[in-house]
Structure formats: C-alpha cells, structure tokens
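Provided below as structure tokens are two forms of one protein chain, presented individually as structure 1 and structure 2.
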Structure 1
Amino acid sequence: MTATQVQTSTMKPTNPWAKRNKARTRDVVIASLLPGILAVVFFFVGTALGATIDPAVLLIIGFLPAQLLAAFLVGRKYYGRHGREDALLIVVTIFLSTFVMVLLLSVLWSVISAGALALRPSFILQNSHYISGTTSLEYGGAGHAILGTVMAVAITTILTVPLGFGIAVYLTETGGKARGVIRTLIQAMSGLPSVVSGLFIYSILVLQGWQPSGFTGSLALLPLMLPTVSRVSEEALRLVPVDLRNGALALGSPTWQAFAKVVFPAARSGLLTAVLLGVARIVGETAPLVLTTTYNNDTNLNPFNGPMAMLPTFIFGYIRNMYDTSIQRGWGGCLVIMILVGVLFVGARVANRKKK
C-alpha cells in the first residue's frame, strides 16, 4: 500500500517511458506488498511450528525495517537520490498515520461495541433505583442521568450563549478598546483545567452554603463552554464581509440594527455551529461535576434542589465500582454521550455547510 503512493504522486504520464513505467509499477507493487505478505506468512508458519511470535515485536523489528528497505531500494532505482529519502518519508508517514487512526478508531469501536451490549430501551427509560454495581443489566438504566445532563447542559447553554455572543460581538462589531485583553483572557480560559473550574464553583458556592445540585454543576461547566462559544462565534462573525456592515452603516443604520438585521442573519449558521460545539465541549465533562454535584440513583427533575445524576457522574460512579456489570453500564453511558456528541457534531457540520 505504501509505495504505490510514490508512483501516483510523482509519476508524469509521458509516453516514451511507457515500458519503464510498467517495470516500475511492477516493482512498486512488489515492494509495497511483499514485506507485509512475508510478515504474515512468517507469523503463521512460525506459530504453526510452535514458536511464540509477538505481533508487536514482529511489526517493529520485522515488518517495518523490511518495508523501509524495500521502499528504499525501489525509490533509489527509479527516482535516484531523492527517491530513497522520499520512500522513507512516505513509509514513515503512512505507518504513523495508520497507527493513529487505528488507535482512534479503536476508541470509537470499543464504545460502540461495548456500549451496544448495555444499550436497550430500559437503559434509556429507567433510572437506577434499587440498582447496585452487580445488578444484572436487565434492570435499571441511565434515564435519570440523561435527563440530568440535558437539564444541566440546557441551563449552562442558556447562561453561556448570550455571554459568548456578547463577547464575540464586542470583539468584531463595536470596535471595543479592550479587544486584545479580552482575546487573551478567552484564550487563557480555554486552557482552564476542568477540575479547576469545579474547585472554583465549590469554593465560591458550596463552601458558602449552597447545596450541591444540578445547578451548581451547570455553573461549573460555564467557564468551560464560554471560550468555545465566544471563539467560534467570533470567527463566524468575522467571516461576514466588512462590505456588508459598511453597506448597512452607510444607509444611516445604527450599529445594533446593522448587527441585528444584516450581520446576524448572514452569520446565523456559524453562530449555531458555535452553540453546538460549545455543548459538545461540555456534555461529557466529568471532573467539575464530580466536585460540584452529588450522585443520585433516582430521577430528580429540579436542577435547583437536591442531588441530581448526570451522565458523566453516572459513568464515573459505575466505573469506580469495578464490577463487570457496572463497567458495562459505564460503556452504555459512554455510548449515549458519544451519540450526543456525534449528533451535535454532525449538526454543526451541516449548519456550517449550509452557509457555503
């Protein structure tokens, strides 16, 4: 798979070399397939003969050097001096990229396959009343946590979006004097460790006598959502051509009308993207909730009063139990979160695409 890249990327379709091209194609195909085939054969023959061959070791000290050597030889033969280097670059790039992709796909696949085992109607519809770490998966679910997450995230969104939009408008529309400072602070806030946000809400609210509730969790999510919303919406507003603003202002429009009737409609899908990405940022955030909310196995529909379960704390609690079934419940929760993130993400993409 690797060396064909060499060919497609630098081949020039000139006819006089057609013969040579054929030989080159052949060699390139051989060089890209042979090391892999040899490695697989070696592995199965060796295993059949009773040797214990570690795939990881074979990959690193068998396949990779062989692949590098093969690409090196073909590269040198057909492309001269720089062909050798290029071949190595291509092999290394593809090897590392594949490695990353395998890791990342493994995350997705684990969540989907393990989560699917736990996912069933009752998992969405029931709460965890009477459920312990070892109760069979037939019983109980994350419904109460899903409701909690939806409510808490909705509260955070309602509080954050006006602030985030306000900041973005300040940065792009009003020519505010403190633009540089505000941008720097937003940048700093986007690096705020989530656990520190939890500590902050704990120190400013819970230690002052507020009971931990869904609402305290919502507030702990706010500093994490705000930078995403304001940064993405700033970019969205900035994509609106200055000409349009000037067109509106030159008609004698006040700034706020120019924003409300010209800039905002033009940036609407970008602003929607900002909200969706902001929600995606916080929907699975765990550490601040662990510090600022309390576990609950029951459904609590009042985010301002009493303990309220949310998906991240639900998952966290069950993983900490370390029983097989409780970990499976954790996977189920992860799948629900990933579905939420995926939906938000696709929504953001679609919103963004519509504009173009």
Structure 2
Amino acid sequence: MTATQVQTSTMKPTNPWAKRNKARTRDVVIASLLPGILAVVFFFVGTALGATIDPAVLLIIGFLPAQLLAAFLVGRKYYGRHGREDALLIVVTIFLSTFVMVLLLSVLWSVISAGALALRPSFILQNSHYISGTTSLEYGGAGHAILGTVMAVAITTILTVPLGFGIAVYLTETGGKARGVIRTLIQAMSGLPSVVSGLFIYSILVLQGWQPSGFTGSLALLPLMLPTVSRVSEEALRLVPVDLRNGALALGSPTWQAFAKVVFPAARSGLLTAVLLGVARIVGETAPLVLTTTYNNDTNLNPFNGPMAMLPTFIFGYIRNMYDTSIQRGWGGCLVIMILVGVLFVGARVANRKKK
C-alpha cells in the first residue's frame, strides 16, 4: 500500500454543509426573537400605563417592520446583497402564512365553539315544525335541511358528472377545433358569481311559471359545480402516461376501448377527486338557493314538488333573527356544513393517494 493510499484511507470525509457558523446562528436567533419580545414588552408596558393598544395594529406597524429590519441586517451581514432580498422574502412568506393560518383557525374555532351549543341528536334527526326563533335548542333541528341538501346535491351531481367527464374527455382525447373555446368558457365559468347562477335559473324558469323547488335549486348549482369537475377531470386524464394509450392502441384496440379499459381505470382516483371537490364546492352555496327555492320547516322528500329546506337556507333563515337561540341554530347548521365539507376533502385526499 502506498503512502498516498494510506493517507487517503485515514482522512475523514468532509461535509462543508454540516459546518455551522455559531455567530450566524446566534444572530439569526436574536433577529427572530427580539422583535417579538420588544412587541410584547411594549404592549404590557403601554397597558400598564393606561394606554389602549390594539394587538393587531401593534403586530402590523410594530412587530412586522422590526422583524423585516432585523432580517435585512442579518442577511446583509452574512450573505451580502442577495441575502437581503432572500431574508425579506422568507420573513414575509412566514408572516403571511402564519397570518392566514391564524385566520383559518379562528374561523374554525368560532364555528365549532358556537355550533357545538346546538349540535345534538335531536338537531340532526328532527325538523323545525312548530319551532320558532325563541324555542329551546332541545327541540327541533335541521334534519329536514340535511335531507334536502343531500337530495339537491345528488341531483346536481347526477347531472353534472357526465357532462364534466365528457368535456374532459373531449379536451384530452380528441383533436376537436372547439377545444380552445370550450376551455375558455369553462375557465370563465369557474369565476362566475354564485348569485348570477341563481338569477339565471330564476329568470328562465321561476319567472316563466316553474314552482320553486329542490330541483330548481339543483339546476342553479350546476354551473358552479361543472367547472371544478371538468377542470380536475381534465388534469387527471392528462396525468395518465402516454405510453399506456400508445400500448393499448399498438395492441389493436380501438380508441374508445383503449380509453375505457386503460385510460379511465388509470385516472379513476383523479376522477373521483374531481367529483368530491365539485360537491364540496356547492354544498355551502346560499345565494342560488335563496333565489330558486322556498324554505320549508317540514320534511319534503320530493325535490320536484313543493318547498324544500336546505342547510344554506336553514342557516340564512335563522341567522336573520335576533334571538340567541335562533342564531345558535344557524351556527349549528354551519358546523354541520363544515363537517360535511371536511369529510369530502378528506375523502378526496384518500382517493387521490398513491397506491403502493
């Protein structure tokens, strides 16, 4: 063995990324903690002196500028000109992400804490017959509205899913000249205000003599669900490898058979995700239902005849009253919708999970 081999075998492998600059780590920690500590001290000192300090205002005009300044100085000290922009970007990104997370958690906590007061078995199983705004929460519930929402969403899904899948297949599997126009229309529909959809069905059906019912409400929800289903389905079909299509065609299968037996099964989880996301998109819409349906305190199992209650209209009706019990019933309906949407999104994540 030569001297070079001995020297190489005894040398320890170097890892420059494992080396830490203690001074830099110290300055980063100080720059991260000092603005928050100063903001808290300023708040408590000002409160002790009798000053009225809004925490939100202190956060925006006190903590955030101090944090940006500290990050700017540390980034400039250790990384030069490029470090300044990187440090500012990191601080702003973390601050805005935390701000959005706090807003989301506050909304979730408000719905859960207020809706839990009304949520009980009777609230799920009973309707609001003989229930007024001052009736105790022990009586009555939103069972009829839950059934109405399930039936209306089911009708909308039955009407929308074939149309959305057909649009996705046309955009991905054919070479039609109208693909650009259809894709533009679908993208435009995705930004359609929900009240416009309700006004459309109200003007062409209700004003022409149709009785407001669960079916008219379902038709008003269709333009809101269609863009989500078609766009997510299109992306799911595009994710299928081209080799699968070409392999099926090379074996002599017709185009429709290659799609039905190869492409569609490969995109099944993505298509199911499209349906679940579309349902979650419409389950809480209120404006279209207010214009196209009539609220009913009783249970109506016929969506094509007579007024029908749904959870959004149930919430809208009780929130308008000024009684505490009425508002709590509205919060209970909000909690039920949030639970339904949460279940749908979890189902979408599970359906879209990669198989081992």
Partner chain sequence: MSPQGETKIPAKRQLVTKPSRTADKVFFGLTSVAANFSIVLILLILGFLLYQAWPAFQSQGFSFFSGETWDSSATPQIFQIGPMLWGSVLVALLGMVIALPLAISLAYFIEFMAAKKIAAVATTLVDLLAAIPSIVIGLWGFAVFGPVAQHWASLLHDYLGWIPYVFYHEGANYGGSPFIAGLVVSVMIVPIITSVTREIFSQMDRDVVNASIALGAGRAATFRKVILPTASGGIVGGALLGLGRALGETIAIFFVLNLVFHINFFQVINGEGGTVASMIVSKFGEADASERSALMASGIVLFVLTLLISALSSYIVKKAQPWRTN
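What you see is a predicted model, and the numbers here were worked out from it, not measured in a lab. Reference numbering: structure 1, starting with residue 1. What we label the rigid core is the largest C-alpha set whose atoms superpose within 1.5 Å from one form to the other.
- Between the two renderings of this chain, the form predicted on its own is found in structure 2; structure 1 comes from elsewhere.
- Of the two rigid parts that shift between structures 1 and 2, one contains Phe95 and the other Leu249.
- Of the two rigid parts, the smaller turns 13 degrees against the larger between structures 1 and 2, judged by C-alpha superposition.
- A C-alpha shift of 5.7 Å is found for Ala66 between structures 1 and 2, based on superposition of the rigid core.
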